[in-house]
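Heads up, the chain below is alone and in the form predicted on its own; it's given as structure tokens.
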Amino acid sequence: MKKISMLINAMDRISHINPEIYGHFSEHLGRCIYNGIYVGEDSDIPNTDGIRNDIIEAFRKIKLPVLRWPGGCFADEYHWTDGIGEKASRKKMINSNWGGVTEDNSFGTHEFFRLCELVGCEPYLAGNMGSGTIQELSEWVEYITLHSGSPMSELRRKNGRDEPWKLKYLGIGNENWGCGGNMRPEYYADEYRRYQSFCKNHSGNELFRIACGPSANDYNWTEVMMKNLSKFHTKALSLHYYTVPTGDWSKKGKALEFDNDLYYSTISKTLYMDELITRHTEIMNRYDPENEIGLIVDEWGCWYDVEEGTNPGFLYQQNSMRDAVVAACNLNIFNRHSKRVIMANLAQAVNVLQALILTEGEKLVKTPTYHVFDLYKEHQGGELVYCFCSDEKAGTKDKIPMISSSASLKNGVMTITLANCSVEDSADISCDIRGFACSEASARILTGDAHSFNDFDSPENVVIGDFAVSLENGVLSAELPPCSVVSVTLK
């Protein structure tokens, strides 16, 4: 067991933690939408307008705040008019990015906004800049948000929706440095300025326009964007970074087969997110010292080799306690950078990559990652407060900080989240709480062997349990087992 000293100063309030930091991503990829979120109105699986009731309930339980759709790479080949009107007559397409399967467009704009209504989350649309036109994107915004008086609003009415929806978040293009058109940053910046100028605010709806930002450590892309865009053009830049345990995209490693060295390599690579955000923020600070342009990490998570026997284009993978620690570390990083980071979207919500939920027919499994979002949900809308942790190390070849942490205040309650990243040692935590008078402490924990996972035969192998902590004279004490994620509530 290693001793860890911590200090939390509730008087030092740093930044607001946007609920959208706990957002998610749903792409037309594999079984994320079809046979995942959406099963159709005629399915024997209990559903509301074709959307699985158990998924709606699971999303609501973690207070899912925002959902990004329809991609991903799919977004820059998606033509929204193919996904409206009578389903039998909707145009089919080949999903050339993900598995070459036929997309029947039965889940389109109306279905997505219905999903968001049922869950109670904000919709975040990724608009097609790669293969689409300015007119196409402009008319999609008009179709969604204009009350009346145009062909698009009348078309929406014809398709069964009289009132417009509210649309806040609009991404203009996706990964335009790659699958979204292989553009140079200078070219994309000019195109973005053209596209965004035709995406109008209608009927009291105010768009929050988001520009495609960098891939991982492409700092030049951020520099060019910040030079060429202003708060009048965009409200945020996106950032994409995936945790690949081996660092080799051709052989990423398996979800459940790893030794301690590869485990620590995984955590080390996920902690690189902190350096990425720090350095991109430094660039943004030079051009935008007032923080008027946010940073959105709208694709993040672990990316492994697909499970054997599954379609390689579907990106289906299992999810273990290693993934839970990855999720906990990232969410703590986003909290700590919440002055600049205003949203993040885990890839992806169901059946793809580091999913919250896995489905098979009528069966549904909540992954360890899902339970981390349940543990962390009370940070949403809180105020980040100063949280120091002694720099004890864990690991073999890759030495990493043993403890990941963050703390927030909301409605007179303090939430502290901790991850013990070590797979060998327990952590004896002694945390001095200052500037916050509290007399009651409770905690919940997710823990297990790093390889532990939930499947359809054992859906509750890894679940949240109660956890004993003590609070005496303003000092919080706890013993965190190896490979664990803990949420502490102080009142």
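All residue numbers are counted from 1 along the displayed sequence. Note that the structure is predicted; figures quoted are calculated from it, not measured.
This next part talks about the form predicted in complex with a small molecule, which is not shown.
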Partner-contacting position among 77, 175, 103, 323 - heavy atom within 4.5 Å of the small molecule in the model of the complex:
175
Looking at 416, 375, 315, 293 here, can you tell me which has any non-hydrogen atom within 4.5 angstroms of the small molecule in the model of the complex?
315
Close approach of residue 348 to the small molecule in the model of the complex, 4.5 Å, heavy atom
yes
Should residue 25 be classed as touching the small molecule in the model of the complex when contacts are defined as heavy atoms within 4.5 Å?
yes
Given that the partner is absent here, does residue 368 sit within 4.5 Å of the small molecule in the model of the complex, heavy atoms only?
no
is_contact(residue 169, the small molecule) in the model of the complex, heavy atom dist at most 4.5 Å:
no
Please pick out the stretch from 84-92, 220-228, 417-425, 68-76 that is in contact with the small molecule in the model of the complex, where contact means heavy atoms within 4.5 Å.
68-76
